[in-house]
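Just one chain is shown here, as structure tokens, and it is the form predicted alone.
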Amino acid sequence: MNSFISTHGGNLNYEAERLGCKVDQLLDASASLVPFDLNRSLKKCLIRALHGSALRNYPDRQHQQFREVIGYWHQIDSSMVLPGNGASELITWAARDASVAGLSTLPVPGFGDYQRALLCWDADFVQKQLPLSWTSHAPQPFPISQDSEVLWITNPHNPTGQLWSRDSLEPLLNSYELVICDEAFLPLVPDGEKQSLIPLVADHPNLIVIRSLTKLFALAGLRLGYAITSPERLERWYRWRDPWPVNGLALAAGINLMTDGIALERWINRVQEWVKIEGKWLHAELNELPGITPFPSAVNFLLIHGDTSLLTLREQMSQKLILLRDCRSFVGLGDSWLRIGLQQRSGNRRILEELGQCLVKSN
């Protein structure tokens, strides 16, 4: 079980038990979540749902109201939307389609859940190495050309933080049997929506776009995401999946968050401004520390590379109750890489201070 736990960030209960502390004492920079408190409207919504029928009654199996507000937000037909139990559930169904379409290409380093999902269906896949050097220019051209039937894209990429341009991705839709684009982090990127493939779904039935509300609203515990693809594909997924994959509280929260367009726009602007300011500031400060090289990122995490293994550094930071992401679970990286999730300024200062002390001692 411990080896499984270590493959993802945000394992707070495990780390708190290991370190002998309380969960709320940890500064978690291993998961890349927005650091702001839930907004007042959502808190009230969840309280109403708890005291209403959201727990007693079965949730709407068709998720009709949530599909409609998602469709309205993205200006697409609601028949092209399918809510899911987080993005991971939807990635599993996309992998089933991929297993039938043919060989999948997985850019590496990359998010390990794609491989997990493909293995569920005994699907064939190959891993193609991305360059481990890039500039701060964004968006960037996608560096992989057609060499299989299925392509998995993460935009912006995880763990590198590179933002791919829509102009470089759109031609790929004519080359692959199936393209699966995970845009879980895209709403956090300043002007990121300009690179989204969602506007292309209506004309490309071979395209699946997956979104998550986890990152944008820090709702990892509710498990809520959605897929956008052809209605025919979603009809198949409906027949395959569990009857009630999205619980009543999650549906109530999703509807609340996506219905008020003005409030949603205001929240997104706040998040994107935080990413823009803190990302640039933290990258510059990390660049002054000895023994590590930070890489530019368009989103709310930064990848750092060490001259030698960074595992001791990560453990030293853990002992200071600061969690950084071990990158060994990303194929193509190793023990000389760590990922840091952006915090608010006070948290970022704390990370820098402790990192600096550890690095000076080791050098």
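Here the structure is a predicted model, which is why all the values come from computation and not from measurement. Heads up: residue numbers just count along the shown sequence, starting at 1.
Separately, the form predicted together with a small molecule exists; it is not shown, and the next lines address it.
Which of 83-91, 237-245, 187-195, 253-261 lines the interface with the small molecule in the predicted complex (heavy atom within 4.5 Å): Only one stretch passes the 4.5 Å heavy-atom test: 83-91.
Listed residue that, although the small molecule is not shown, lies within 4.5 Å of it in the predicted complex (heavy atoms), from S212, S148, Q162, T229: For this set of options, the contacting one is S212.
One residue of F142, F217, W152, F111 in contact with the small molecule, assessed in the predicted complex (non-hydrogen atom, 4.5 angstroms): Contact check passes for F111.
Distance check, S104 to the small molecule in the predicted complex, heavy atom within 4.5 Å: S104: no contact with the small molecule in the predicted complex.
Partner proximity in the predicted complex: L224 to the small molecule, non-hydrogen atom cutoff 4.5 Å: Residue-level check for L224: yes, a contact with the small molecule.
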